[in-house]
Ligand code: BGC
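In the form predicted alone, a lone chain appears below as C-alpha cells.
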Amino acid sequence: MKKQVISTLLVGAMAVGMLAGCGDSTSTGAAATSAAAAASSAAPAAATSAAAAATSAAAAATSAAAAAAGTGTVGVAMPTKDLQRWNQDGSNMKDQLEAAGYTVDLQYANNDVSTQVSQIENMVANGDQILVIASIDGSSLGTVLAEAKAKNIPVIAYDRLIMQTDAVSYYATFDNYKVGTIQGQYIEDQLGLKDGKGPFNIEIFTGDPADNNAQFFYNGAMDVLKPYITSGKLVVKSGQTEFADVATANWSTETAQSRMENIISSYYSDGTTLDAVLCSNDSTALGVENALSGAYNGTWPVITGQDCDMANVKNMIAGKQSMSVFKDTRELAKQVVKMVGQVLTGATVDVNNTKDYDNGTGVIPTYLCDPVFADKDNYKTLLIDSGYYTEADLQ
C-alpha cells in the first residue's frame, strides 16, 4: 500500500507548557489594611465606605493570589468511563491539575445527561472556582451553566463544544476537522484514488449526533472523499452517506457492529468486496471489525479510527485496522491546566482560533491541539517511545 501522502501528514503532537503563577498576597493585604486605617480617620460615612472598599480589595487580592498559587477547586465533568479515552482524559486532567496545586472535583456521568447536569449543579453549589466540561450532549447544559455564570464561575468546554449558552468562556480541543481530513486522505492514498484507480466500495460510520465534534470529523473526511463518490470511483453500496444516516448514537461499539452486520448481510454476503470503511473513531471501528470478523469472507478493507484505544492498536498490529488518529490527551490536559491558571489569575488566555467555533451565541475563543495518525509503521514511535503505552500494554 502506498504511503506518499501519509508521510506528509505526520506531525508532532503539540507540546504546551503549564502555567506557573505567583502572587504577593501579603503586600496587597497590607495595602488594603492601610487604606482601611486611613479611611477610619475621615467622616464616619466615608470611613465606612472606604473600609468596605479596602476589605473588598483585600479579598480580591487574596483570591487572585490563591489562584496564582494554584489553590482552589476545579470541577472536571467527563462523559463516561465506558470509553478508554475519557478515562485517560480525566486521569490526565486530575494528575496535572493536582500537580499544579489545585483540588480537583472529577465526575463521570455514565453517558447520562441528567446525571451530568446534576454533577455540574453540585460543582456550582459547592463553589468550584472554574469548570472544565466535556459534555455528553452539547445542547443540554444551558440552564445549569446559567447558574454558573450568575456566580461568575468561568467554563472551559473540553474537547466537545457546549452549544447554545453564553456561559462558555473558552474551548480547548484538537483540530477535529483535520482529524476527518487525515482519515479521508489515508483512504485516498491507500486505494490510489489520486492515481485514478477504482471503483472501490466504501461504507461510512461517524459518531453521536449530539456530539458537535462528530460533524467536524464527518465534514473533514467527506470533503476529501465526496468528489470520488460523485465521480463513481468510490461506491457506497448501502447508499448511506448523509450524516444522519451514518451517525452512531453514543459512539456505541454495539450499535456500529449491528449496523455493519446489516450492511454485510444486505450488500456484501454474495462475495462483493468491501474495500474501505471510514470510521470516525475507535469505538465505531471496533464494532465494524467485530462484524467483519463474524460475517465477512472477503478481502479485509482499509479501516480508519481515532483515539488509539488499546484494543484498536492491537487490531492495527494484527492487520484488522489500518490506522487511528492519535490525539495525545496529555498535551490537551497540559493546555487546559495552563488555561485554568490564566483564567483564574486574569492573565491573557492562550487561544489560536477565534473564528471557527460558534456555539450559537457567538464565537468561542479556542485552542486547537494538532492530531497525527498512527499506523503499523509508526505506532511504536508515537505510542511506545513517547510513554503513552508500554510494549506490554499492546501484547
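Everything numeric in this text was worked out from a predicted model, so none of it was measured. All residue numbers refer to positions in the sequence shown, first residue = 1.
FYI, the form predicted together with the named molecule isn't displayed, but the following is about it.
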Query raised in the report: Though only this chain appears here, would N312 touch the named molecule in the predicted bound form if you measure heavy atom gaps against 4.5 Å?
Result: no
Report task. Tell me, yes or no, whether N281 is in contact with the named molecule in the predicted bound form, where a contact means a heavy atom of each within 4.5 Å. Result -> yes
Requested in this report: Find out whether any non-hydrogen atom of Y108 is located within 4.5 angstroms of the named molecule in the predicted bound form, and reply yes or no.
Outcome: no
Query - Any non-hydrogen atom of R259 within 4.5 angstroms of the named molecule in the predicted bound form - result: no
Report summary line: With the partner omitted here, the residue among T165, N213, Q190, S322 that in the predicted bound form has a heavy atom within 4.5 Å of the named molecule is N213
Requested in this report: Let me know the one among V117, L83, M222, A100 whose heavy atoms come within 4.5 Å of the named molecule in the predicted bound form, would you?
Outcome: L83
Query raised in the report: Of the listed stretches (198-206, 263-271, 294-302, 85-93), which one has a non-hydrogen atom within 4.5 Å of the named molecule in the predicted bound form?
Result: 85-93
Requested in this report: Pull the contact list for 280-307: residues with a heavy atom within 4.5 Å of the named molecule in the predicted bound form, in sequence order.
Outcome: N281, Q306, D307
